[in-house]
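The chain below stands alone and is given as structure tokens, in the form predicted alone.
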Amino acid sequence: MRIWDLHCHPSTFGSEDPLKAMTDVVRTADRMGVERMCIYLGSLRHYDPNPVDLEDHNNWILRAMKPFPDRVFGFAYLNPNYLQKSLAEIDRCVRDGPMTGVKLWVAKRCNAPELDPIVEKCAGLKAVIFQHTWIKTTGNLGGESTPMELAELASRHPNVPIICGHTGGTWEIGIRAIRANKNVSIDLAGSDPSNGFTEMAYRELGPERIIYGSDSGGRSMGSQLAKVHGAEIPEGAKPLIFAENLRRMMLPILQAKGIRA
């Protein structure tokens, strides 16, 4: 079956050179049977990147994308603490460039009003919106969002698709937190490949709101693929999770850009 990986960080594959790093990602994907990958973050060093760093991150991803137009989708990294620069990066990288989505990480909690103009601009472009979420036992970083905060943002934009990255890590809480928000899909990436994650998501959300991602190279593609391959869910749900849900979400912007899907 087709596999599209929502969640890849080429900079974690051991090289600071985007072409070498992306070559390693593609080699690994070939071995794992992964057809296409979404990539973002030129490094994991900047939790609150200034406008110069933000542009550097996105330029890194643009360079990584270039040799692999049939394998890679790039997402622009944004920082709502620099709202005007983030909106300009959406224009530069998505509207006028080859990227097809945006990545929001840990700079500002996503229930803040600064997120609203970002969501609205992305909605107008049909760009995919990916928001990292986590629930840490020791407490989140100052700007790190929870699924509960994402549910607040999603409630303000009920017609805009948004992805809950990592499902909060503590997925039993994360799944329930966004369950009522029909416009929110969850990302399976990043947490341990523990038994029951995909099964609970299937029961609580249905198969159409679950998207496969690996968080590689922070996690191995193999261990994350096992969350779906080994899940006790109907076999007919697995193609949706592995590729079709993400493909359906991305299809409007891919068609607008003339990108094969």
Partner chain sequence: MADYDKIDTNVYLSRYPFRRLPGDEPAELVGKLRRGGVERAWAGSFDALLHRDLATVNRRLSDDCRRFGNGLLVPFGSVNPAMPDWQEELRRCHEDYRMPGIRLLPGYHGYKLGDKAFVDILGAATRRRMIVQIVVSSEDERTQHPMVRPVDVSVAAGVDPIRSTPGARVQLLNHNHRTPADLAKKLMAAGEVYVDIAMVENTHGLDTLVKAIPPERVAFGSYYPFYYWESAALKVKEAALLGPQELAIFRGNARRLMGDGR
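Numbering follows the first chain given and starts at 1. Fair warning: this is a prediction, and the values are worked out from it, not measured in the lab.
The same protein has a further form, the form predicted together with the partner chain, not shown here; the description that follows concerns it.
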Could you tell me which of 37 to 45, 231 to 239, 65 to 73, 51 to 59 sits within 4.5 Å of the partner chain in the model of the complex, going by non-hydrogen atoms?
231 to 239
Can you pick out, from A151, I135, I118, I175, the residue that has a heavy atom within 4.5 Å of the partner chain in the model of the complex?
I135
Considering non-hydrogen atoms and a 4.5 Å limit, does the partner chain approach W171 in the model of the complex?
yes
Please run the contact check for R209 against the partner chain in the model of the complex: heavy atoms, 4.5 angstroms, yes or no?
no
Is it the case that M221, even though its partner is missing from this view, gets within 4.5 Å of the partner chain in the model of the complex, heavy atoms only?
yes
Determine whether any heavy atom of F197 comes within 4.5 Å of a heavy atom of the partner chain in the model of the complex, and answer yes or no.
yes
Are D24, M32 and A226 jointly within 4.5 Å of the partner chain in the model of the complex, each by at least one heavy atom?
yes
Need the contact residues for 91 to 120: heavy atom within 4.5 Å of the partner chain in the model of the complex, sequence order, or none if there are none.
none
